[in-house]
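We begin with a single chain expressed as structure tokens, specifically the form predicted on its own.
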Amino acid sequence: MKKHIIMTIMLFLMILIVLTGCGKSNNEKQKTMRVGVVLYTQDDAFINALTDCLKHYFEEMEDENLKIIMTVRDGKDDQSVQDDVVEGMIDAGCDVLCVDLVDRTAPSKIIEMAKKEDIPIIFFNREPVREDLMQWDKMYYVGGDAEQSGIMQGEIAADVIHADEGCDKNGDGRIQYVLLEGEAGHQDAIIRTDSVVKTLMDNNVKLEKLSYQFANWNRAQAENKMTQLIEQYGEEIELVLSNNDEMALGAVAAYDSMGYPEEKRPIIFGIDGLSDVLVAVEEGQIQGTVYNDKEGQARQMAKLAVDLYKGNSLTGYDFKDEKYIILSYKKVDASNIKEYIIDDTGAAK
């Protein structure tokens, strides 16, 4: 009897050990992936929207075997600050870096630090110089084609001008325009500016430049610059071209604050497809924008980051030169705005 009791106890203990071992094995199966997301600034509406999308897609990719911790830090529009932020993230423990460079020509320190620790980098929004991106096989770029965005903006503007003779308010056969540029020396700003003007001219729109003004992608700065331009040129301005939506909204705000009636305002065009601008297009305050596919970019970044972390094959990506994932822009104007306006239920109107 005593022997039977001892055997029963031993059997119970063995079962307990096996169960405990299984529990430990299941816990060990769940790995934690740490992603460091470093922005050029947290004051950019499009970048913040893209970051929110990225967080959403990382959450979707979590399962019982993988937990993803995404940490976002601000580069404060200063490359040396951004370098220090990346160094801190690497020291704290980071498996993949997603970096929106302050200065696309100065990624050397970030690359050196990541390469030393064997941490893959996904650059986004601001494309590094090709020679820098090619120097290590664990670096990639996800973004849009700046030239395409400028071309599409020009095509939308040309369509509006040709469809409405009233755009040429003074009837001189030319469109007097101002252009709000994103940033001095910034590749996308230069390309968007050059391509939109060239596209308008290629589409038989005669232009007369009144002024180019840098507003650093910022709504408040654009409102200030636009106020000065209105004070200088008044109703001579027939067209406002903006390198991004935030500055286009700044132009609208300038006309609002100065009390200009709708019939005396110029036509205004942006780039990015921010929610506020989509509403402004629907209401007729802005005549068009070019949708920058933040959802598609974020989805590709999240998937690529997880595959790099797991060491998976990257054969399923539509790479350009094995390094670039480029997503197309989309033209948005009054004719298709309802496809992009989302109501409270999350559906297009």
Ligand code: BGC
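Numbering starts at 1 and follows the sequence shown. Quick caveat, the model's predicted, so the values are computed rather than measured.
The same protein also has a form predicted together with this ligand, omitted here; what follows describes it.
*Asks:* Should the three residues 47, 217 and 292 be counted as contacting this ligand in the predicted complex, with contact defined as a heavy atom within 4.5 Å for each?
*Replies:* Answer is yes for this spot.
*Asks:* Tell me, yes or no, whether residue 188 is in contact with this ligand in the predicted complex, where a contact means a heavy atom of each within 4.5 Å.
*Replies:* So residue 188 counts as contacting this ligand.
*Asks:* So in the predicted complex, is this ligand close enough to residue 57 to count as touching (4.5 Å, heavy atoms)?
*Replies:* Although this ligand is absent here, residue 57 would stay clear of it in the predicted complex, with no heavy atoms inside 4.5 Å.
*Asks:* Does this ligand get within 4.5 angstroms of any non-hydrogen atom of residue 104 in the predicted complex?
*Replies:* Because no heavy atom of residue 104 falls inside 4.5 Å of this ligand in the predicted complex, the answer is no.
*Asks:* Quick one: is residue 225 in contact with this ligand in the predicted complex, heavy atoms, 4.5 Å cut-off?
*Replies:* No.
*Asks:* Using a 4.5 Å heavy atom cut-off, which residue among 193, 79, 199, 125 comes into contact with this ligand in the predicted complex?
*Replies:* None of the other options qualify; the answer is 125.
*Asks:* Among the candidate stretches 80-88, 199-207, 161-169, 125-133, which one is within 4.5 Å of this ligand in the predicted complex when only heavy atoms are counted?
*Replies:* Heavy atoms within 4.5 Å of this ligand in the predicted complex occur in 125-133.
*Asks:* Can you tell me which bits of 144-178 touch this ligand in the predicted complex, meaning any heavy atom within 4.5 Å?
*Replies:* Read in sequence order, no residue approaches this ligand (within 4.5 Å, in the predicted complex).
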